[in-house]
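As a starting point, one isolated chain is supplied in structure tokens, in the form predicted alone.
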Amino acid sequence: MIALVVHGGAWDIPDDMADAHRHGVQKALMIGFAVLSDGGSAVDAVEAAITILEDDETFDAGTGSFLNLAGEVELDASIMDGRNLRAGAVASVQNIKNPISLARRIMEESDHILLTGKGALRFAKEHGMKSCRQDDLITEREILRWREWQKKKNMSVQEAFRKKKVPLDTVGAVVLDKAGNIASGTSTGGTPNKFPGRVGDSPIIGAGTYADNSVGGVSSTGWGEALIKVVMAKSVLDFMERNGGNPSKAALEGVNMLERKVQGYGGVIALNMEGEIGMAYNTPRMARGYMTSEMNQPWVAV
């Protein structure tokens, strides 16, 4: 069995953006699954799928990410290998087109897990990764959105999130490969108009990303501050372990906990070691999809 599940963010995705989200998720699934079918590892497939989503301007990851309060792009990402619980992550990094690839490099070529800002960029350069200009990551859509946010100074972040209208196109993937190994990853540009240096759940191992071959893998999306408070990804994995390995029940329990304990909202994707899929969210929509070796075409929904 090989399996891949992907998300492209949980929020009130407008009708006129639904097709773009659907097509982006489908492309990520097809590319990631091709890597798996060719014998690639779970980590390979996670990186390949998320790279597609980072390069797609539809999503809040890589190119097309939200601008912070200063009008700049700061990116977060993490990846985890369920074979050995090794992980790599970056936070508030600038001038890197695909932060998921940098997170993987940190996991595989350093003794660290999380690098931030200038340190992450220095690590990238010292390990042969190309940097890019801020302009390469900024789109006209996000400039216009940023200008609108400057007019909302009287609205608190918490109030804005609870209206469920804040776009949250964080992306993620969880994979089971032919060798029975599980990996997961998450990537984001954070929240619109965030304070410079703000870090959400996506690069935090246990909150945004977690993978353990003995149980499964999880990737989270949504209001990062709330997801951190409940350690969302690891909590869902723990629910799965306790319920006998059911990812659907675990995902739903995690989302219910998120709302009950911290009035948070968002979603999760989960995968167990048998290749069974779980997805849950408490927002109007979540871009999501999956494919397994028992399917001829991926299943995608928004």
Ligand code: ASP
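Residues carry their position along the shown sequence, with the first being 1. No experiment lies behind these values; they were computed from the predicted model shown.
Separately, the form predicted together with the named molecule exists; it is not shown, and the next lines address it.
**Q** Of R198, R83, R105, K97, which one comes within 4.5 Å of the named molecule in the model of the complex, counting heavy atoms only?
**A** Comparing distances to the named molecule in the model of the complex, the residue within 4.5 Å is R198.
**Q** Looking at heavy atoms inside 4.5 Å, which stretch does the named molecule contact in the model of the complex, given the options 216 to 224, 173 to 181, 124 to 132, 111 to 119?
**A** Among the candidates, contact is made by 216 to 224.
**Q** Though only this chain appears here, would T209 touch the named molecule in the model of the complex if you measure heavy atom gaps against 4.5 Å?
**A** No - in the model of the complex, heavy atoms of T209 and the named molecule never come within 4.5 Å of each other.
**Q** Would T191 count as a contact of the named molecule in the model of the complex, using a 4.5 angstroms cut-off between non-hydrogen atoms?
**A** Flag for T191 set to yes.
**Q** Since only the chain is shown here, I'm wondering whether S78 would be in contact with the named molecule in the model of the complex (any heavy atom pair within 4.5 Å).
**A** Judged by the heavy-atom cut-off of 4.5 Å, S78 is well away from the named molecule in the model of the complex.
**Q** Please run the contact check for L168 against the named molecule in the model of the complex: heavy atoms, 4.5 angstroms, yes or no?
**A** Yes, L168 lies within 4.5 Å of the named molecule in the model of the complex.
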